[in-house]
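This text opens with one protein chain seen in two forms, each one given by itself as structure tokens under the names structure 1 and structure 2.
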Structure 1
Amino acid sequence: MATEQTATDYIKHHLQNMTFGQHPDGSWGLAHSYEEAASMSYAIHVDTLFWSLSLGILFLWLFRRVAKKAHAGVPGGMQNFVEWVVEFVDSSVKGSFTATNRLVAPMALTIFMWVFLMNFMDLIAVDLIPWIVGQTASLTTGIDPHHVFQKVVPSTDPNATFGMAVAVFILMLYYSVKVKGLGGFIGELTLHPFSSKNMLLQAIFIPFNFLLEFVSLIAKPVSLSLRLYGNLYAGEMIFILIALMFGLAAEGTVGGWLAAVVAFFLQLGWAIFHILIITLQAFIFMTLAIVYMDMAHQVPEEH
């Protein structure tokens, strides 16, 4: 029973974000337990913000550095990689976006690389960075490392995935109104899919059309965010469960060491397969964002 409780605590510790917020007594600070984090009325996930912003800055710095040093001769490995990514994103935009908007390609490139880098953090040993952060906090502040939380994969936090999806959704709404006009956008929500030349019948169809179209509209950012979150959260959970098997080696038994060896090969195999998942999820997020922007630029005659 003790072992089960320890395993449960291990899993809960890895799934808990470093949370800063307002405690029930009105004071502000970091949560040092799951209960403290849940009791906060206003809170932010410090680790999600730190890693997502850091990876975004890394992307901008890396691509800017390569662009400044790019030359017409034989390119180096990093220039080859950046050029391949840019060409790949550019071909994706040309294949999915039929209108003209100079914002879409940079947006698609940013989404693909940013999501990919956030997902890539899932390939780092699950205990490495949390252990470093916990030991650093313990040495500098005396806090028990078990009370220091650190999630390094921002895309396993629904706040991050919903934030990105909402940003795409806002752009979609903006260009829908800009291209079609407010009347055209409202008509798109109320005059389809059921329509009639009879004015009275058309008026009856309006609430039904609005309900169907509104649900379809809201489903776009929800599905966009939950798809990324669900896949990465499941991947992270598998890494955590495999990491639990390594702990059996501490028992010093033959069975424990055997479990650790099996865990090593499981982790290696899942990491190799997970490379496909993190890349595919970044591609899907980018592609859907392009498609949604294309839908926003379609004039009523194209429906």
Structure 2
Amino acid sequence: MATEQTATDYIKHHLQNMTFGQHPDGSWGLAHSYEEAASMSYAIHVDTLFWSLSLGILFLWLFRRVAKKAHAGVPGGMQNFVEWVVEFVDSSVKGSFTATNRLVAPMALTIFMWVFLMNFMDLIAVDLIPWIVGQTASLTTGIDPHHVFQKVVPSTDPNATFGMAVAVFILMLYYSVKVKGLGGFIGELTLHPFSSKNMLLQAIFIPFNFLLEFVSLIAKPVSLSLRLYGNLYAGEMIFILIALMFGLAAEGTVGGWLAAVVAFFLQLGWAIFHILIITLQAFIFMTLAIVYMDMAHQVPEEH
């Protein structure tokens, strides 16, 4: 943390994604300030996509490497680990998903490992990668490192969590329509929870039913993505806030150094606690996706 920065600057700098897009004047490029990033059109977060894609590919590469050599004999270290994860996911799927669909278990595995790896980036010291990226950019192009943004935890970017949640939502809608038929799906949205034998009464109920069911349907992807985003964003924020205390050491006073020592132990404690959170959040995302897929496959019993 540079001394000329204020605490607010430091936090804001950490929370800004590296954004690529079209400037208002029509030229394309990276944003060098918050205002530039906000004013861009066709913007993408380069850091979010880079880290999430890299981690996803890392996961697939690792697992593919094991899958290619997978044998029924005594498994080696890596195969053992992969099999452990696969069996864990498989038992989760078997526990909550009752229909048969070849897609669900691989989807659950992908979600679990990918989200876990993205969350794991949170455990890398908050300043390390942004500092490396900033210094590298500054050395190669001469740009001020304060104008280079880098946010390394993709799951603290709502774009990433919503992207995954909406993908799950699309699969959910697809299988809902495929299993129940379009009529069945619409019926599910409009004929519950209020129903009546009387046709007129039923017709009156339909808008209310639709309102209730539609909200609960939409709530699924929203809650799925916001839960992950909120947890990781808050966790990241706490890392940043504790990191602020290191800045006090720069004052050179005894109190400042003491604050830095306290900060070290706080970071350590929070990181250890965070190991639980990142795994738990990955697991929750996976389990809810499985449950939603199961709901999509459920044909309601006739009332």
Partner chain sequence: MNFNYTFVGQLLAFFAFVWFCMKYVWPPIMKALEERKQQIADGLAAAEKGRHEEELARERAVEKLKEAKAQAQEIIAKAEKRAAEIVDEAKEAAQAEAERIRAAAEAEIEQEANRAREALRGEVVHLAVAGAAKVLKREIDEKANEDLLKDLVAQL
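Structure 1 provides the reference sequence; residues are numbered from 1 along it. Just so you know, these numbers come straight off a predicted model, no measurement behind them. Only the largest set of C-alpha atoms that superpose within 1.5 Å between the two forms is called the rigid core.
*Asks:* Look at both copies of the chain and name the one that is the form predicted alone.
*Replies:* Form predicted alone: structure 1.
*Asks:* Align both forms on the core first, then report whether A67 has a C-alpha shift of 2 Å or more between structures 1 and 2.
*Replies:* Passes the 2 Å threshold, so yes.
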